[in-house]
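What follows is a single chain, given as structure tokens, in the form predicted alone.
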Amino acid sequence: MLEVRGIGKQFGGVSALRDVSLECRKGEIRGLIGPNGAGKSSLINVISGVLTPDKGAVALDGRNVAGKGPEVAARAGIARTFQNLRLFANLSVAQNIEVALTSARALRPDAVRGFDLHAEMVAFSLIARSEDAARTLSYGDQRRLEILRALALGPSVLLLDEPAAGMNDVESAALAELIRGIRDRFGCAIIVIDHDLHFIMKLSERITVMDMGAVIAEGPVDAIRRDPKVIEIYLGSTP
């Protein structure tokens, strides 16, 4: 469904992304991990059209959307959340979702034809707060609202940037169940960035590991857990 091929991105003399490639199939939950500065958010920004790559392609169902901007990426079926929350703070919970849903009905009507706003607010435990301003929600509720708003675009690919940031173990476990439910109900491909390795290992089917702008490992969870390069960048190595 999503094919990223040979992405390169420079910021001055710094190589933020170096020949990065990955695939994510329909219904797959893929983790994207790495230390700070590894290039994870830069890659998500390229996939979602926020950044234009210097080289490479981002193909969704065979259509290259790289460098064409966020609107083209969204129209093609790519939706995302952000590391720092980007809600419409003074709009209600329902209005935040309706903004996305109204756009999707105009631009991707087939993708959201069966979207049930009430049922999804129930699934996301937001129905009791539907008329409250987004700014009044707890941090965890705001995170869930941002995910639901992205889902209301009817994406084929959902990109989640640090969705579990600031959550405790119980909240992270509930979020993992919520993300699996999204995959099961909507069948979209999901790419998740997070620094919580326990969360990522429990949630993902396959994991891509980045360091210094490049992919250093990729594969099933058990293989990544044993990979010497992954162990080294997270734990360090001994002489």
Partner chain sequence: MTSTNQSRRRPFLRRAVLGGLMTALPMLLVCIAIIATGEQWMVRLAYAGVVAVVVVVGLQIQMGNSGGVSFSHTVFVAIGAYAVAILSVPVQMKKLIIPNAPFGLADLSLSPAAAVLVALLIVAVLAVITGLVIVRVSGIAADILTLCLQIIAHSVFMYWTSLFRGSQAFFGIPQFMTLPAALAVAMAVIIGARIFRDSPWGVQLRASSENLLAARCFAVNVTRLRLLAWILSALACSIGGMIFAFYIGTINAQSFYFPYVFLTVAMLILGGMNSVSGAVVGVLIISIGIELIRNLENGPVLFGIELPTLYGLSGLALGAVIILGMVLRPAGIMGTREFDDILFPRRPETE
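Residue numbers count along the first chain shown, from 1. Bear in mind that the values here come from a model prediction, so they are computed numbers and not experimental data.
The protein also exists as the form predicted together with the partner chain; that form is not presented, and the subsequent description refers to it.
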Check, residue by residue, if Met1, Gly37 and Leu178 all come within 4.5 Å of the partner chain in the predicted bound form, counting heavy atoms only. no
Asn90 versus the partner chain, in the predicted bound form: is there a non-hydrogen atom within 4.5 Å? yes
Ala150 near the partner chain in the predicted bound form, any heavy atom under 4.5 Å? yes
Answer for Gly114 alone: is it within 4.5 Å of the partner chain in the predicted bound form, judged on heavy atom distances? yes
The partner chain contact at Ser130 in the predicted bound form, heavy atom, 4.5 Å: yes
The partner chain in the predicted bound form - contacting residues of 97-119, heavy atom within 4.5 Å: Glu98, Val99, Ala100, Thr102, Ser103, Arg105, Leu107, Val112, Arg113, Gly114, Phe115, Asp116, Leu117, His118
